[in-house]
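Presented as structure tokens, the chain that follows is alone, the form predicted alone.
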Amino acid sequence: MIRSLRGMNDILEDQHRRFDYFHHTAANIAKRYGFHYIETPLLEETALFKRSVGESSDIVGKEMYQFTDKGGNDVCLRPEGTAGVVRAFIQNKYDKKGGIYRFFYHGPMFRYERPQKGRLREFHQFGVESFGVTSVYEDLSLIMMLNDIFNALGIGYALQLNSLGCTECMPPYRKRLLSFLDAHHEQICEDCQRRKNTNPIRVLDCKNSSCQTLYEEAPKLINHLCESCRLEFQTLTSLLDNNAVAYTVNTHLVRGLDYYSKTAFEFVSNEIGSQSAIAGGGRYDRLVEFLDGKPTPAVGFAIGVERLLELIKLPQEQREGYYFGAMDAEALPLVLSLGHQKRRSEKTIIEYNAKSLKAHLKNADRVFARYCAVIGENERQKNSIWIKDLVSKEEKVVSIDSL
């Protein structure tokens, strides 16, 4: 028997309802904030992610589904959503047109990593990207959007914040951090030794417990921000206080991708085990320029959908639509015709086999229909149809014309 690939799961009926509810809720909230849907290809040039995500990241170093296609092109399945949206932004010359552009997206991403609960090789993200706004008020807006999404879904969370500085304050901090890492070179893990030579700040994201203990003594970027970055971060925290959004400052929060600067944030949950991040994002003002576009301020976030599906509190399912059935073969053509007409305005399920009234009622209940509509010999002769409201339990016979 052929089975699905490891870490790539089917989305079946019971889980699909949660996916649908999540996407409907998140997309509607994003639209209320003025964001518009964008869709980018699943397959992109590998260079896009090496230049954006960064070769020091685990995604590029270990996890990409990368191959050479029949045309000799070095391509990969997208491991995250931001880089593709930025590529589309530049390719369509939005960077040269100027102005403000706000997008949201959702769809599958691919990373070759060890499958575990809430972490798959094919997984789904919902994300938003905002271009053209320098103000930290836009950072706040995205955090508030996530706040609204999780509140609407009934998901509890804790917000963690940090500032990754800018081109003015990052270089001197980088030197201080390198000095610390050089002094403790033998104590840090192999991954951190590699990252030290590519992007030192990424060591702070290490999950190794001994490294984390050691880095408690490392210099903190939050204490070495330039005046501009310090004031921006202070403004953001004040705005969150004013909007009654609780947060903690996590000085080791650097995110897993190289393109972030200034604001970085994560929403975490203690209900999903050790992999506690359910959403994260921040500002990436230099990424458009890195990919050969005109310098453009930008900020965004992404939600890992599978990681929070079990946390979603679904509303009580409501019965909806019609179930149509025939009690004899002669009535079936009329039932089919009426059912197809009803589909123009409401959800409609049609049973293609003649059955007893009891069997039709059982089927209508199974598909959670609001109305069970059945035609038997008596109804056919009188050009009528029997209908039962499965909520109020009211039964009536109406003419086909009135239906």
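The first residue of the sequence shown is number 1, and the count goes up from there. Small disclaimer: the values here were computed from a predicted structure and weren't measured.
One more form of this protein exists, namely the form predicted together with a small molecule; it is left out here, but the text below deals with it.
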Query raised in the report: Is residue 113 close enough to touch the small molecule in the predicted bound form, meaning at least one heavy atom pair within 4.5 Å?
Result: yes
Query raised in the report: Going by a heavy atom distance of 4.5 Å, is residue 120 a contact of the small molecule in the predicted bound form?
Result: yes
Query raised in the report: Hey, in the predicted bound form, does residue 300 get a heavy atom within 4.5 angstroms of the small molecule?
Result: yes
Query raised in the report: Going by a heavy atom distance of 4.5 Å, is residue 138 a contact of the small molecule in the predicted bound form?
Result: no
Requested in this report: Report the stretch among 281-289, 90-98, 174-182, 156-164 that approaches the small molecule in the predicted bound form to within 4.5 Å, counting heavy atoms only.
Outcome: 281-289
Report summary line: Answer key, the small molecule contact in the predicted bound form at 4.5 Å (heavy atoms) among 128, 326, 203, 146: the residue is 128
Query raised in the report: Between the options 102, 196, 78, 255, which residue brings a heavy atom to within 4.5 Å of the small molecule in the predicted bound form?
Result: 255
Report task. Can you work out whether the small molecule is within 4.5 angstroms of a heavy atom in all three of 260, 277 and 304 in the predicted bound form? Result -> yes
